[in-house]
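Single chain ahead, by itself, as structure tokens, in the form predicted alone.
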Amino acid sequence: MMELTYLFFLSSGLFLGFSLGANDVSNIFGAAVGSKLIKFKAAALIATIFVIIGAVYGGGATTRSLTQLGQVNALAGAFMVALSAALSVYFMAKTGLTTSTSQAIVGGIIGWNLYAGHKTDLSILFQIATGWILCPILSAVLAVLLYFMLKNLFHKIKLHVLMQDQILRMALVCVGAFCTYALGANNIANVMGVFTYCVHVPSVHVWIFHFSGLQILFLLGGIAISFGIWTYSQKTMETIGQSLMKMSPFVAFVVILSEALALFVFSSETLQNILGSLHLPSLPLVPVSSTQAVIGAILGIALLKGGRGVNWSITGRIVMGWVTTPLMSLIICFISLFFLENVFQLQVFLP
């Protein structure tokens, strides 16, 4: 009976994972699918495998940061935080526009904090907001640098057009796998992070592998993301891959690689430790928006070319979505918590 209760309340997190898969994977493979270099089914299969690996083995760092923003300590409260974020993202995905699950879940957590009377850690909120600002900037800078470096490299090698096309196809598959790994590692916190203080899952041994309870939660979230990839992501892939900016295969590769590196920088404890040992500054390990990363890369290259070819109308609508999503999630969560507590008599927070 207790397991069924847990599964019911986890359903909102699974729904959020589904929405993330329908929405965010378009930022990785939209360019490749839109430029006809990779078929949708092949992209979905690669994304499924590597997003789960990234979630299970790399999701701990960003989860710790997110839970410091607000420690949701009641199962019904966690259910509504995740559901509010999922509904916000799902409504955006249904319109064919991508948005940020990171911003949606942060809006939901702040809504829970306000309702429960818990203090929002402003220093953590500042770190997360800083990540949202720096992520597209970093992605744009990386895109410009990679564009120049790789363009010069291809010019020096002087490959035949058909050979260059084959290399780009293989490169897009490899960088797409890396990027979906980084997405799983960075964004699984958005899917299952709010449940870590109120759901206790036993560890599991499978052959030579050991999975902690937290990794089991991440595995469930990764499976939900995969379901979203296969069912609804094709429409949003078309928005990114065709509507925002027409991209050549080469530009598509640069965009995805820039996005992957930006997500990895905000997810990797190993990279942070290496930079720390060298006394170099590092970026906070926080959930960031893959949408902002990919659009930052696209706009970086577009501005490099004088801004030609960008659909600024769609760009503006997407940016408006970044503002609307956390506010929508916050309001939905706050109002829904009131109904859960007063109508359904559920405990949505602990003192």
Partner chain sequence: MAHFSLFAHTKDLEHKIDDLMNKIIDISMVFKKAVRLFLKEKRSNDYRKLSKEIKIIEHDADVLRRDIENSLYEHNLIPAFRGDVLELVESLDKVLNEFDEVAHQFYLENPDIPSVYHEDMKELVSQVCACAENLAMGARAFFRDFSAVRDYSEKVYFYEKQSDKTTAKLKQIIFESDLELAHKLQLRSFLSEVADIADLAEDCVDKLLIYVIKRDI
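All values reported here derive from a predicted model rather than from experimental measurement. Numbering follows the first chain given and starts at 1.
A second form of this protein, the form predicted in complex with its partner chain, is not displayed here; the remarks below concern that form.
Report whether the minimum heavy atom distance between Arg169 and its partner chain in the model of the complex is within 4.5 Å.
Contact check for Arg169: yes, within 4.5 Å of its partner chain in the model of the complex.
Could you confirm whether Trp230 comes within 4.5 Å of its partner chain in the model of the complex, counting heavy atoms only?
The answer is no: Trp230 has no heavy atom within 4.5 Å of its partner chain.
Applying a 4.5 Å heavy atom distance criterion, does Asp165 contact its partner chain in the model of the complex?
Yes, Asp165 is a contact residue.
Please determine whether Phe126 contacts its partner chain in the model of the complex, using a 4.5 Å cut-off between heavy atoms.
Phe126: no, not in contact with its partner chain in the model of the complex.
Exactly one of Ser212, Thr120, Ser248, Thr270 has a non-hydrogen atom within 4.5 Å of its partner chain in the model of the complex; which residue is it?
By the 4.5 Å criterion, the partner-contacting residue is Ser248.
Between Lys41, Arg64, Lys36, Arg317, only one gets a heavy atom within 4.5 angstroms of its partner chain in the model of the complex; which residue is that?
Checking each option against its partner chain in the model of the complex, the one that comes within 4.5 Å is Lys36.
Hey, of 262-270, 133-141, 147-155, 198-206, which bit sits against its partner chain in the model of the complex at 4.5 Å between non-hydrogen atoms?
Contact-bearing stretch, as computed: 147-155.
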